[in-house]
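Next up: just one chain, as structure tokens, the form predicted on its own.
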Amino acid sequence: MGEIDLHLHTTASDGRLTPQDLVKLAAELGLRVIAITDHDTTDGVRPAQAAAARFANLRLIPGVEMSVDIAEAEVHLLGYWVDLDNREFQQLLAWSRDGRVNRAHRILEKLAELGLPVEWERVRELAGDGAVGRPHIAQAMVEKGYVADIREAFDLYLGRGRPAYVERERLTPEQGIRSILAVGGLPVLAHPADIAGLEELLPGWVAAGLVGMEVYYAGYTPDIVGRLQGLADQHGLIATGGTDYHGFGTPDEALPGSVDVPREVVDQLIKRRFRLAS
């Protein structure tokens, strides 16, 4: 097991563990540095910080995972050390969350047309106090017996190109990058291996201020890691990593820390943070 995981989700968005329980799990697994990166919300950060204060050997980085859009694809940006109290940034995240709710309603309409009705009230219950996401709809579909598990729900219905998939309003990557930088954060490209045309897109994102890219990620083969590391080196990006843990409990889900992220990554991020602040 590794000691660093910079991509973790809680019940503040579509994770299954509360911030407190996620921090406890990370500490039990021997992690030293974690980042809370919920989708389009920072609501899980402060409860996680309070929980992490009880563990002397655990450092917590406040973060977020923002949804941005390119032609025919969805891209995610991780923002580390974002200012939690910046009003404009919180308004931007709220706008994005509202888009998630509208999207969820449209997905439910499509599912009903397919003969797979799912109640909005149940989806909202599954989301709890967090932002509604497709995993909550998938979980409701599992409960209904429409699919065997969450992965099957995405593969058959909810994934891009599937019959119940719905696009939603999002920022461009450049807008997302600049919004993270504007609140003192470090923008990092999440799970980039499947982005079509990544090599052609990266220069523009780097010019906008991208500072890092996930190279170490759950399920990435050595060949994929090598290719991404080469791109990171080429563009002067910090090669970060994490599991993207949601706590779904599926047999193939990577536990926090199960991706071996080099220890020097955190030092590199800290140095870049202070360089940008100076």
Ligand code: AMP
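Quick caveat: nothing in here was measured; it's all calculated off a predicted structure. Residue numbers run from 1 along the displayed sequence.
A second form of this protein, the form predicted together with the ligand, is not displayed here; the remarks below concern that form.
Site residues D14, E74 and D155 are all in contact with the ligand in the model of the complex, judged by any heavy atom within 4.5 Å. Taking the partner from elsewhere, P135 is found to have a heavy atom lying within 4.5 Å of the ligand in the model of the complex. The closest heavy atom approach of R122 to the ligand in the model of the complex falls outside 4.5 Å. Residue contact with the ligand in the model of the complex: R151 places a heavy atom within 4.5 Å of it.
Taking the partner from elsewhere, F55 is found to have every heavy atom lying beyond 4.5 Å of the ligand in the model of the complex. In plain terms, the part of the chain that comes close to the ligand in the model of the complex, with a heavy atom within 4.5 Å, is 245 to 253 out of 41 to 49, 245 to 253, 28 to 36, 225 to 233. In the model of the complex, not one residue of 156 to 184 has a heavy atom within 4.5 Å of the ligand.
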